[in-house]
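For reference, the chain that follows is the form predicted on its own, supplied as structure tokens.
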């Protein structure tokens, strides 16, 4: 037998011996009795104190809430996700009251704006969205449908909406300037709305020849601004003049 093969056999046998030595010291004695885990772990788990009751137990007493929640956006959310461990409450309802989240910072754990969350998941900026008011003042936690469904683009572009509502463009629909495909509502990052690309677009309302209300400010669309794009001097959502014309 070649010398190299003998050496490989010695190494192989040594590895087997090391494996069994390590296994005898590190592998628990009950490992493998019921599968690839410690059989004694079952007894250890059973010895722990029960903390969670489970949603089925909650439904036995709160069937009215279950009916509301079953048709809402929170229908797949476990009761104890918001109310915490409820086993003690299920055993002595009058003695132990489950936690009831009422502060804004709790709901924002899921609904605070985070770009990594799935597209379409309801998100808000906690600082700007109805500041200082508890979420439960406007939303029933078991059926959190907004009391007023956001109109047009307000649901996602709240800051722009609040700016525009105070501007001369307050009565102008977003779709007058932006053409948004229907898919934008479902996948906004992949399907973006259009934006005006030339001075002629603003000239449809603000040129001297435009056939619109006389109250709308007019300019000579050819010479006004020396050829710059309109939005280089005017913010479209609040298009006040940056400078006042001097006499």
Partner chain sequence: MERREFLKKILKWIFILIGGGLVLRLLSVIRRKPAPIGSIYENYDPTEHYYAMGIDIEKCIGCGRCAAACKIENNVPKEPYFFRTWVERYIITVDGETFVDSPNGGIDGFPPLGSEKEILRSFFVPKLCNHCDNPPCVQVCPVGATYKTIDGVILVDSKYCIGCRYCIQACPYGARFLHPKTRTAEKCTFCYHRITKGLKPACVEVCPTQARIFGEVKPRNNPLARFVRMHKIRVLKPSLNTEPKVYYANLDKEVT
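Numbering follows the first chain given and starts at 1. Just so it is clear, the model here is predicted, and its values are computed rather than measured.
From this point on, the text means the form predicted in complex with the partner chain, which you will not see here.
Though the partner is left out of this view, residue 38 does reach within 4.5 Å of the partner chain in the model of the complex, counting heavy atoms only. The partner chain in the model of the complex comes within 4.5 Å of no heavy atom belonging to residue 59.
Though the partner is left out of this view, residue 21 does reach within 4.5 Å of the partner chain in the model of the complex, counting heavy atoms only. The shortest heavy atom separation between residue 64 and the partner chain in the model of the complex exceeds 4.5 Å. Note on contacts: among 222, 45, 212, 190, the single residue with a heavy atom within 4.5 Å of the partner chain in the model of the complex is 45. Shown without its partner, this chain lists 76, 103, 137, 128 as candidates; in the model of the complex, only 76 has a non-hydrogen atom within 4.5 angstroms of the partner chain. Partner contact region in the model of the complex: 77-85, out of 170-178, 77-85, 138-146, 90-98, criterion any non-hydrogen atom within 4.5 Å of the partner chain. Contacts between stretch 114-145 and the partner chain, counted in the model of the complex as any heavy atom lying within 4.5 Å, involve 114, 115, 116, 117, 118, 121, listed in sequence order.
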